[in-house]
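Consider the single chain below, provided in structure tokens and representing the form predicted alone.
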């Protein structure tokens, strides 16, 4: 029996689709999400909103397209908000989610303390799910890394190389940072192991400290994303690689998350597609 990606849902059968607002609907991920929602029988694109909560622009709308101002939405008109936007947009989105009390799926990375606090505040009144990566493949990669961290003996080390398109605004990727944290948390820190992270190396950095995780960011004109985990021990090495061939992997995973989230109580969950949640 296949395990549901986000756990068992308590959602009762409904007669109408889940009404969704896509914030950042003009962006590349927003367009993919909007198209996937319109193809799904159980979802309805109720609002298409730009990432700053302003209209997409009248010239971009045809008659009959969904409204573009989230601040005009009433709680009874909407079931969920989904967005892959920018860190500076998150506090404004959080205020609208708090007002509406609807589920919120956030794929935005590179959050500052204000953005993290905004997610937590919204999670007190609505179900909120934040993840740096919604692809199923990355979820499996996380599980494999967790198993490797437990099985490999002391002396094995991890380096991460992540590659993304040149328009990505944060580096290293949020996925790489979470993978590095997971490795450190599962490894013993005795025998002088540092458990520290270094983002790239340059100059006379000296010998690599035991337990240090190096994260290296590559940016090229195109590419949805690659994460390469380099594990090395005495006399041998191991590589784990995930490649996202296009952004549809993230869109479909995020909509699976949305279906699950709409049946959950108010809370903030930071989790992976097939992993356990961390709630606050």
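Predicted, not measured: the structure shown is a model, and the values here were computed from it. Residue numbers count along the first chain shown, from 1.
Below, we refer to the form predicted in complex with a small molecule, which is not included among the displayed structures.
Out of 170, 181, 159, 98, which one falls within 4.5 Å of the small molecule in the predicted complex, going by heavy atoms?
Filtering the options by heavy-atom distance leaves 170.
With the small molecule left out of view, which of 252, 219, 243, 28 would have a heavy atom within 4.5 Å of it in the predicted complex?
Selected option: 28.
Looking in the predicted complex, any heavy atom of residue 197 within 4.5 Å of the small molecule?
Output for residue 197 is no: heavy atoms all beyond 4.5 Å of the small molecule.
Please check if residue 20 has a heavy atom lying within 4.5 Å of any heavy atom of the small molecule in the predicted complex.
No.
Residue 163 near the small molecule in the predicted complex, any heavy atom under 4.5 Å?
Output for residue 163 is no: heavy atoms all beyond 4.5 Å of the small molecule.
Taking the small molecule as it sits in the predicted complex, is residue 107 near enough to touch it, meaning that at least one heavy atom pair lies within 4.5 angstroms?
Output for residue 107 is yes: heavy atoms within 4.5 Å of the small molecule.
Tell me which of 129-137, 205-213, 116-124, 73-81 has residues with heavy atoms within 4.5 angstroms of the small molecule in the predicted complex?
Only one stretch qualifies here: 129-137.
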